[in-house]
Structures are given as structure tokens and as C-alpha cells.
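Given as C-alpha cells, the chain that follows is alone and in the form predicted alone.
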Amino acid sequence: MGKVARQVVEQAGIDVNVLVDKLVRAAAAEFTTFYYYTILRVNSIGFDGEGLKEIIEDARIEDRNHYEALVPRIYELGGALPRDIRTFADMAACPDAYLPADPRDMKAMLNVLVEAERCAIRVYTDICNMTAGKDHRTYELSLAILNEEVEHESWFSEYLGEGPSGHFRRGAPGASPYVRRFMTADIG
């Protein structure tokens, strides 16, 4: 634990226990979303599904990156991940992104994907609002994740025909252009 890191955040007026809880719940959501997006990607078959695979893969790997970037900050602030994976999954800040009853219904699958991203946007907006001007490190990390989650939502909502996103392919799936600097492991 970073003693001074926690102390400075407390002195800025943030309830660090509340912040750590939000970060752990966000990490749990990223971890479970990575898992569920794996299932969604595998089930993206047929003409429509093949077009979605790469986009789902990009969001899936970036969600894993978000989890990896959040964990050090949780521990720096004196927090920890639960010892039991079931407890961890149950505390996720967002609902599970279950495969639709009819896995061939790509519109239903897209609705699952876009709603997962919308939940993530709300989670990171909340953390940014809590830490803005008070906890610079957590704010910047959350803002970086928020930027990627907004892009993910845009990709999926564009596929649903909700309008053009203005976003383009980034390159290799999982590039994490905003979160990359917070990664402790090389992501490629």
C-alpha cells in the first residue's frame, strides 16, 4: 500500500474506503465483462456475426486491460481484491452481459453489448466526478478508461443504426490507446 498516496487522497476530502469500493466494483465489472464478451464473440457467427467479431474482440481485450490497470490503484490506496472469485463477480458494478436466448439474433447481442458499455460509462463518470481535482492519479486512470468505454459504446450503437459514431478502426485489437500508459505489463 502507498501510505502517502492514500493519505493525500484522504486529505483532499475523499472517503478512500468508498473510492476503493467503487474501484473494486469497477474492476469486477471489467473482469466479468471480459468473460462474457468472450462468450459473445465466440457466438458471433454467420454473415452478421462475423462483422461483429473484431469489434467485440477489441472491446473484450480493452476491458481486460482496464481490469489490469485498475488493480494496482486499488492496492495503492490500501484496498484489495476479494479472495473468492464468486464474491468478486457478484459485486460487479454492472450487470452480467449474458448471451441472448437466441444467440443468432445479432440485434439482441448488440443490445447486450451496448448496454454493458453504457453501464461502464456511468461507472467511470461517477469515479471521475468523485476524484476530479482531488485524486489526480485515480481521475486520470478513470478518465482514460472512460474514453475507451465511450468509443466501445459508439461502435456498438453505430452497428445498431443509432447514427454514425465518428470513430474508426484503431489498429490491432486491444490497443488501449488511452489506458496503455497505466499498464504495468506490455500489451503489445
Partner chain sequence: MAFVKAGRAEEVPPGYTKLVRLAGRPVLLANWGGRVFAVGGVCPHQGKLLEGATVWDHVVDCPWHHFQFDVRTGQNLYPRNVYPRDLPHLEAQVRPLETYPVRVAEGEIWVDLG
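Nothing here was measured: the structure is a model prediction, and the numbers come from that model. Positions refer to the first chain, counted from 1.
Form predicted in complex with its partner chain: not shown, discussed below.
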property	result
Full three-residue contact with its partner chain in the model of the complex, heavy atom 4.5 Å, for 55, 57 and 106	no
Touches its partner chain in the model of the complex: residue 15 (any heavy atom, 4.5 Å)	no
Any non-hydrogen atom of residue 40 within 4.5 angstroms of its partner chain in the model of the complex	no
is_contact(residue 91, its partner chain) in the model of the complex, heavy atom dist at most 4.5 Å	yes
Partner contact for residue 79 in the model of the complex: its partner chain, 4.5 angstroms, heavy atom	no
Residues from 113 to 149 in contact with its partner chain (non-hydrogen atom within 4.5 Å) in the model of the complex	115, 116, 119, 122, 123
